[in-house]
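Here you get one chain, nothing else, as structure tokens; it is the form predicted alone.
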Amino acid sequence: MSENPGRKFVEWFKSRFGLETSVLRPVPEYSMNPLYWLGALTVIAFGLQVLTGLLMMIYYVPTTDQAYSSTLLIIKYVPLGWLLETVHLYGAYAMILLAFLHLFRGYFVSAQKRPREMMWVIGMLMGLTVMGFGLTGYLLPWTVVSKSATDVSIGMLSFLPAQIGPIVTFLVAGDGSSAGELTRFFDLHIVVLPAALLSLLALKMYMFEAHGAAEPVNGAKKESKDIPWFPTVYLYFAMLGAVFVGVIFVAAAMFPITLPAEFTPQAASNYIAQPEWYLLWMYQVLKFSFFEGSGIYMALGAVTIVALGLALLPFIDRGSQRNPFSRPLYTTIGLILIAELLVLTVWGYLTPGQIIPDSQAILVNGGVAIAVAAVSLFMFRMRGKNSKKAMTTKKSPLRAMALPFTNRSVTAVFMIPLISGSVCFANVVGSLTSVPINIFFVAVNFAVLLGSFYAMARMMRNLTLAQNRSPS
């Protein structure tokens, strides 16, 4: 049987360009699922932020009298400027959300275990830097919402110890004037934080190349083979990245940014200031009545202890067990932490500016912790003595991610309706936002979109049947 021409070309390309000796270590087969690539998707989001940010800097003016008008200019008068601004906003949200998901995924699979302790610490510093991007970038449009929210966040710094509070406040917010605050945040956003994140990323990548991906908790490492970066891993990463960027662009096209009113002291006096969603949980804690006045030091101290506990987790949880089903204490703590963050965030959104009575705070937060702990205890007891065996024999629901690489011819054909459907979808969205609407053009593109969707569904059905027929 003659060798596949495509494979021959790939091998020729690899040998001529030296890709067989890539500096990147081969990727274990067990890591070929999206959960292992949350950090990489965060880096893609950062690259998207850099690209869109550089384009916006052509028009943006970081002064208190022109920041809002220059942002409005981009949205209203620069071709596709509204899309640029919206993608930058949603990219920032995605970057922060992915950082949280990456943190908790690593927590539950014990990615911090030896020898990856310092990778975990560096990752926590990177997460803090990502939060800094969100905080500093949010102020730059100079809207009443962003300025008021930023002032709330900066106000938290005043409760730091007197020895370091003024220094940190000056480093973050400048001399205290509005102009100094905007200039300082702009410098932090485009110079200091990118340099810090790139430095931390380089250090973490160096350690990642030394230690590799964390082993799966179900012990699949022994039967997992290494996959070279080119072409399989490159293709896999490109597919994940393309889907991720595509989702952001589709969301931006369907839900474009709406710029709130410009900041003025008069407008701010009629607005209930709240921080952005990723800091809303902390602000809600500070609204509890027993944290009012001097009690705020206790709240900030408690939040700091939790953050330090997460950062130093590798040196606290030193056991050998990595399976979350074998670590009931840490698994339950993680579930409680996630539940409390979600409840506090939603609660803060629903109660802007309201002081929360002590009894209500204890009832809600204590009730959530008790309920999650009870459910966790019940699940661990139901799991029984055969949990370890069940974990090792259970098929992964993400096994289908290997299908595009084991059925390359179908994957190549699959790209045709995928591309045509994507183009038609973009045409439909664009046509519906234009006046007058070309009904015939919309109908033709919609018909092709449905046909492409049907073709992709049939191909996916055949692939799924092929997977079920293949031996496990």
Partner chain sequence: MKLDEEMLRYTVAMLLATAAASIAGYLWVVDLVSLQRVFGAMLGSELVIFSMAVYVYLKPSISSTSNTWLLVGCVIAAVFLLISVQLGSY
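Residue numbers count along the first chain shown, from 1. Note that the coordinates shown come from a computational prediction; the quantities given were computed from them, not determined experimentally.
Only in words, not in the display: the form predicted in complex with its partner chain, which the text now covers.
Could you tell me which stretch in 371 to 379, 230 to 238, 99 to 107, 343 to 351 has residues with non-hydrogen atoms within 4.5 Å of its partner chain in the model of the complex?
After filtering at 4.5 Å, what remains is 230 to 238.
Ok, Tyr283, Tyr271, Trp82, Tyr278: which has a heavy atom sitting within 4.5 Å of its partner chain in the model of the complex?
It is Trp82.
Pick from Ala111, Val245, Leu193, Ala92: which has a non-hydrogen atom within 4.5 Å of its partner chain in the model of the complex?
Spelling it out, the residue with a heavy atom inside the cut-off is Val245.
Look up in the model of the complex whether Leu312 has a non-hydrogen atom within 4.5 angstroms of its partner chain, and give yes or no.
No, Leu312 stays farther than 4.5 Å from its partner chain in the model of the complex.
Can Pro256 be called a contact residue for its partner chain in the model of the complex at 4.5 Å between heavy atoms?
Judged by the heavy-atom cut-off of 4.5 Å, Pro256 is in contact with its partner chain in the model of the complex.
Just to confirm, Ile362 within 4.5 Å of its partner chain in the model of the complex by heavy atoms?
Output for Ile362 is no: heavy atoms all beyond 4.5 Å of its partner chain.
Looking in the model of the complex, any heavy atom of Phe249 within 4.5 Å of its partner chain?
Yes, Phe249 is a contact residue.
Heavy atom within 4.5 Å of its partner chain in the model of the complex: which residues of 27 to 44 qualify?
Stretch hits, in order: Glu29, Met32.
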